[in-house]
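Take a look at this single chain, the form predicted on its own, given in structure tokens.
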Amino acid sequence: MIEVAVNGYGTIGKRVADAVCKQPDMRVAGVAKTRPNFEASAAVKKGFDLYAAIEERKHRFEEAGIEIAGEVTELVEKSDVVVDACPSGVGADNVSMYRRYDTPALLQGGEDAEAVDASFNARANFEAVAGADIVRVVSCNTTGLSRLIAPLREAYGVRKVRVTLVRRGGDPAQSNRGPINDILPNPVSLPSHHGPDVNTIFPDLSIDTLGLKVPATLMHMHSVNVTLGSQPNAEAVRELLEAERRTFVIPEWLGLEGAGAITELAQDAGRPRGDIWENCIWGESLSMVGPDLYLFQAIHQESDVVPENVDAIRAVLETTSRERSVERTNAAMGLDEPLTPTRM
């Protein structure tokens, strides 16, 4: 049984902890928080051992009546692997601690690629991180793009990728994010960081990305143009993407016009927290003009990296193959259950 520590029990950390609990070969060794809050209380109620991420704040947990099992260093030392889901920048600061205790760690996409030994996407480069000490599970947007690009490269070859990312202003709980009423080039200079980030997965890929930030909290939206190496018809591309395990090609009859409708579909399907782990690609948007593929896809920023973190644990520890890991993760999390209701 793989003992998994989760350092940072927030938006991503709590989802990863829940996903790990469902895996037949993993166990949550404990979770770490910097301060007592509703998430710390929820972790204890779920039966997770809670550790203080900052020694000087241990007394705050005691004052709040929340029992802790110790300090984060104790958790790191006893675990087989750490999933670091701390805020951006903190994960990189924690690397020295993970190296000191010789515990492999997975950082999240908000960290710089230079802080890690390798970047990871289950569909694209599972084997590349075997035995690595510090690995970065790439961001929600890079995960979504990598999942899309990998099968296209394999089936048709890819000459060029161009993407405009319309990004949510913040997660639903991030009251300090914005804009409130604006549309911002983000960044105004080109390219956005997403293209270079995809190159950490596909170093030889020609990709240009632009970003916009809008006053929304639900999902990111990608407008994608891929120049393929051959000229399949749109139906062939659709069949290729429908066969992928973590892409959901939205049938036209569902009438899902936007991210809000997708979110409600996930809630009606009984997904925990309404999470959408798959890329959501509008089937009717799939178009071919010569070698150029066009499509729209939506990415749920709070959850699409969760199955990736689970697979990265097995990849780093070299416990199984990519195919077997993805199969286990999907089955345990419910990704094998169709998000689409049966058409009557």
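On a predicted model such as this, the values are computed, not experimentally measured, just so you know. Start at 1 and count along the sequence shown; that's the residue number.
Another form exists, predicted together with a small molecule; not displayed. Remarks below refer to it.
- Contact check at 4.5 Å (heavy atoms) against the small molecule in the predicted bound form: none of Val163, Gly195 and Gln297 pass.
- The stretch from 234 to 242, 247 to 255, 117 to 125, 85 to 93 that comes within 4.5 Å of the small molecule in the predicted bound form, counting heavy atoms only, is 85 to 93.
- For the chain shown alone, Gly110 is a contact residue for the small molecule in the predicted bound form, at least one non-hydrogen atom being within 4.5 angstroms.
- In the predicted bound form, His222 stays away from the small molecule, with no heavy atom inside 4.5 Å.
- At the 4.5 Å threshold, heavy atoms of Arg147 stay clear of the small molecule in the predicted bound form, well away from it.
- Using a 4.5 angstroms threshold between heavy atoms, Val135 stays clear of the small molecule in the predicted bound form.
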